[in-house]
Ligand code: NAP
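One chain is shown next in structure tokens, namely the form predicted on its own.
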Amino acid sequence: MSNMVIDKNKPVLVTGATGYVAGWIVKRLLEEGITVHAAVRNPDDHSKIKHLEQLAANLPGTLRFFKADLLQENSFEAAMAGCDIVFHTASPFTLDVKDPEKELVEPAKLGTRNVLNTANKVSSVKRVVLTSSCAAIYGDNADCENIPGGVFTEKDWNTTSTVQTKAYSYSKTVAEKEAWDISNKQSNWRLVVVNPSLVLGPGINPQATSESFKIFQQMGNGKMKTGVPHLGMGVVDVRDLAEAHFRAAYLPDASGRHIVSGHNTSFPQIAASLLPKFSAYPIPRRTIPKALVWLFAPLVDKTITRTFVSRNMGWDWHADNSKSIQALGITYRPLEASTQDMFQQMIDSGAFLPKS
């Protein structure tokens, strides 16, 4: 993709720079010799940023930290000054919430609004790359029944999730719609959206946390050794996802939404991809029947409802990633490379050792 236009003299902003995906985006930008303005909650908390400082020490680009808070108006002005590209990756992602409207939906929407309203004021900004999610495209695997060919595309929107049923998915949908709303009312910058599926692969920060790390921890520590349910899902390697963000920023013609997902896969397939290398670990080898999951899951884990089981377990997941391949030129690495590299990193960082 030689038609990328990169002006190394212009800094770029990465919001939520300490995040799992953001770390690889920062690395990719620094490799190109670009100056990165990293917006973080607390630049004085060295433990949170040292993995990024170590990266910058060995790469040609320059890294500058800025204090910014998603929920404060105008708090991104200093960080955005002079930037021609904004990568907005910051978004609350937690499934353990008491008040989903307050803890997930409002911050996602308000954070997006605050960042994009600032972009409206900073005349140097020419493009905003938003990290949305496939969660803004579909709510449950069963939704594929109602779409042509049973394959999700960029034309689809999640219309089935609500604050009550799937607050995280709803928050991603609301935040992306807010971004398009703001974008459509101005003409100074272009919005390009990246919609990843479940993100796998090693973190720049070996102590990284994400929902996918939790899943892998349970696959490796014996919590899932009796088996896993057949839950279809898309997955993408974090390194391929960072490359997609990079190209969404610098390819002149990039526009609209992009499903960034390397594989239509499932829990049993993900577990199977680990076995060739890590068979000494209690990795699940069996698929648990849906009826059993339906019966016991809500008793084991209150966040898993019977509605969720009936609308997702036993369903395959299919999305069309051809736009990311054609428009962004992404080549996806094999599933085994993502799962095995991630599992190996977790072994090396002591994720499976008994807590002393």
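In case it trips you up, residue 1 is the first one in the sequence shown, and so on. Source: prediction; values computed, not measured.
We do not show the form predicted in complex with this ligand, though everything after this point is about it.
This chain is displayed without this ligand, yet in the model of the complex the stretch 164 to 172 from 270 to 278, 164 to 172, 247 to 255, 220 to 228 comes within 4.5 Å of it by heavy atoms. Interface membership of residue 29, defined by any non-hydrogen atom within 4.5 Å of this ligand in the model of the complex, is ruled out. In the model of the complex, this ligand sits within 4.5 Å of a heavy atom of residue 69.
This ligand in the model of the complex comes within 4.5 Å of no heavy atom belonging to residue 339.
Although the partner is absent here, residue 41 sits close enough that one of its heavy atoms falls within 4.5 Å of this ligand in the model of the complex. Among the residues 160, 124, 210, 264, the one placing a heavy atom within 4.5 Å of this ligand in the model of the complex is 210. Just one of 318, 48, 311, 290 comes within 4.5 Å of this ligand in the model of the complex, counting any heavy atom, and that one is 48. Each of 20, 132 and 198 is positioned with at least one heavy atom within 4.5 Å of this ligand in the model of the complex.
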